[in-house]
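The data below hold one chain only, encoded as structure tokens and taken in the form predicted alone.
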């Protein structure tokens, strides 16, 4: 039979796959159902899932091939530049381990204390700044540094041209440093390393460079292509050189953008403020954004009422690579949404509605991945459910809390069910949703009004608020562990060879022998074995040595045992007892 090749670009609907395979939709849906997926005709399947299903159907003559497609999430911004494209400032993300000083570096560069007031001294939100160096502008994105912000930090890398990875010279490469390297590489961003804290005792620049080299970053000094600048963010050592290297890298990259096109860019933060409504931070990637422009971001739209620079000063227009804070959106757009300028409100409303419909359709026919399929195939009925409602001060916080919760590995024993999410303080509606469903409400950087606290206490709803995200994640992890059933754990303790059996009754035995290994003491359990055949289980009531009660017998000693049994066991000389302890142990994730 002739082999059939099907090319998949990302995913394929059930309908499309049935036609490509020459099968009826009913037959394909039936196969999916047998494998735990209740699918619709418009359900999308990824490459691996389609492969599994084709194997299940036994179609040996069908071959799947991946169709090469652009994978960058910001591909929509990579327009073919016109001849009129102008140079633009580099967008630089500063990343690194939580305590390695990246926020101190930005503080020093910008003469602006951003760490004060941040819970736990850790940057909680993505923020954008600009500074001038040698009459040129540089845009910095300060991305959260804790591992819990992996998702938000990945967005940050996707927005950037250059990633400055901050590594402490007295601490070296840490897991979050490795994450930052991977994100920068996946975003095809140029990497510059700032080796910080060179003023600290224990600072070892060569060792830090060697650490980085082991993770694929070869210093220029060693024949590689990675610029590494030793700095002290606290004292300001070599910061001018670091900025010089950023601009030199930008020159080599020839960063340009068109400004005679409708403005476009990305939403990098959004929240509600009393008296202002929706307050949205944008990064312009093309065109010129001006006060009064109509813009659409996802299913939200609006007319720019006010526009401020990162210092809070009014700004009439924003050119490519410029971060601005705007008001005027009818509803909060989502973090990471692409925004575009349109000609009027009618067009904006129509486009936002179309985007909302597309999002609804995607949700209705959500992609089924191979992980989903394998999880469904292996799901057991006793899986526990952990229900949560997430409330955060801004959308970026909610996004990172949700994504970070999903990253907790529950080994398939607990299912995380996010009942609802929202921006703002905990409300009556949140409590209503939580009642009766054993649902925990997590608040991140939000408050709980007194009347809501009383209502929750009355209805038995748990509201837990946090200002530091990894404390919230620890709580969630412990809560999920509490749902796990304890497991029976056995530990081998010793072994005895029986040399004499002195008395055998219905529920007890008196015997003696030599301890071959380990030890034996009262309360231990034992399995009686004869020539590899299991005879029965006993419990040690007491231990004697030379007819005197002792605490234990150890390897090489000879003594007697009083054993308790649940049913009559006939023990013989030459039998062996393998001793162990058995306990219920709480499972952990």
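Positions refer to the first chain, counted from 1. Since we're looking at a predicted model, the values are computed, not measured.
The following text describes the form predicted together with ligand GDP, which does not appear among the structures shown.
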## Note on the structure
TL;DR on 505-513, 100-108, 452-460, 268-276: the one with heavy atoms within 4.5 Å of ligand GDP in the predicted bound form is 100-108
## Note on the structure
As a check of understanding, the residue in 233, 163, 282, 441 with any heavy atom within 4.5 Å of ligand GDP in the predicted bound form should be identified as 233
### Message
Only one of 349, 200, 207, 305 gets a heavy atom within 4.5 Å of ligand GDP in the predicted bound form. Which one?
### Response
200
#### Entry: Those residues of 256-275 which, in the predicted bound form, come within 4.5 Å of ligand GDP by heavy atom
none
